[in-house]
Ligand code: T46
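Only one chain is included here, represented as structure tokens and corresponding to the form predicted on its own.
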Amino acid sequence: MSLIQWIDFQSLGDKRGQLVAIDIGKEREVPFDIKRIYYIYHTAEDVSRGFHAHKKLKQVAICISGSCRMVLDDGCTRESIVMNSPAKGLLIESMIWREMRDFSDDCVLLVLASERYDESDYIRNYADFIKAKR
């Protein structure tokens, strides 16, 4: 099974431009209640971010401008994907190690999270992550 799980958002538009709406509620695209939203921007091209997993938290990452590479790892499989579409969300389940790199200078990465920030939910050491997966 692939770690790469895309959510395709409906993109509506005409000559004026495009619009993506993400509905919350009964018929929603995101498979969890969103409790936190944040975005990453102005990340230097040679900087890598992430390098952690979450015990419970789930996320949907959307590259709303530019591009970046997302690396996902479940302890057995490691997959890499370029994110470059504001109409596609990458579902990141709990207990998945994530790394972000190769940011374009105009990259804006929006993240929808299932939980509020909680430092105790983070696993920041890869060896600890592998132990927790077993």
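Start at 1 with the first residue shown and count on from there. Bear in mind that the values here come from a model prediction, so they are computed numbers and not experimental data.
The form predicted together with the ligand exists for this protein as well; it is not shown, and the discussion that follows is about that form.
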Practice item. Answer for C63 alone: is it within 4.5 Å of the ligand in the predicted bound form, judged on heavy atom distances? Key: no
Practice item. Please check if C107 has a heavy atom lying within 4.5 Å of any heavy atom of the ligand in the predicted bound form. Key: no
Exercise for review: Considering only heavy atoms, tell me if Y126 and the ligand come within 4.5 Å of each other in the predicted bound form.
Suggested key: no
Practice item. Consider L91 of the chain shown here, and say whether it contacts the ligand in the predicted bound form, taking contact as heavy atoms within 4.5 Å. Key: no
Check your understanding: Just one of V30, V71, M95, I40 has a heavy atom within 4.5 Å of the ligand in the predicted bound form. Which one?
Key -> I40
Revision key, fill the gap. Those residues of 37-69 with a non-hydrogen atom no more than 4.5 Å from the ligand in the predicted bound form are Y38, I40, R49, G50, H52, H54, L57, Q59
